[in-house]
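This document opens with one chain alone, in structure tokens, the form predicted on its own.
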């Protein structure tokens, strides 16, 4: 994704408070809903890809999950999340600054029970970026593990934060992941930005075949 992409996200997170970001959710209800369907043990690993400064990690900690990994291309974003959590809670999370399209550290993870991605995949426009994402996911997620992906729906915006996105529906996500993954659940969800403007998403839950 290159240094320019890292700089792009660093600038956005440096310029705005977390609750001013267009994708900010006080409670990540759709992600929580799909996570609850996974029925994993609290000590199994949950990887939040593109965690940014989102509140999903807060939810995981508060629910007693003890094997949480948060990764993002922007160290500034992760630092804001650490600051919000406070020292004690932040120390319970494994933090990884990495680029999912050129991963150094993420691809070494194994036996992940849940891969959670809210709004990373739709920024990957090039075939090689998408394939690196997919190959990394397949290395990381264990058999029987789950994949939660949220992306801008076909009715959603074509750009976000100045970048063009690729819009998806559940069938496109299923085709992208391939035959090793079964679609368990999906739904359309409209997130409302701080301005009140609607932002339509597709949320989907997959399980890797045994």
Ligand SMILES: C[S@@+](CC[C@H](N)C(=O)[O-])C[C@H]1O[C@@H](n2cnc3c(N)ncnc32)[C@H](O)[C@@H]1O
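Residue numbers count along the first chain shown, from 1. These figures come from a predicted structure and were not determined experimentally.
Just so you know, the form predicted together with this ligand exists too; it's not on screen, but the next bit is about it.
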Can you pick the one in 93, 140, 120, 114 that has a heavy atom within 4.5 Å of this ligand in the model of the complex? 120
Of 66-74, 37-45, 140-148, 170-178, the segment with heavy atoms within 4.5 Å of this ligand in the model of the complex is residues 66-74
Report yes if any heavy atom of residue 153 sits within 4.5 Å of a heavy atom of this ligand in the model of the complex; otherwise report no. no
Applying a 4.5 Å heavy atom distance criterion, does residue 189 contact this ligand in the model of the complex? no
Residue-level contact is defined here as any heavy atom of the residue lying within 4.5 Å of this ligand in the model of the complex; does residue 51 satisfy this criterion? yes
Is residue 136 close enough to touch this ligand in the model of the complex, meaning at least one heavy atom pair within 4.5 Å? no
Within 4.5 Å of this ligand in the model of the complex, which residues of 83-108 have a heavy atom? Give them in sequence order, or say none. 98, 99, 100, 101
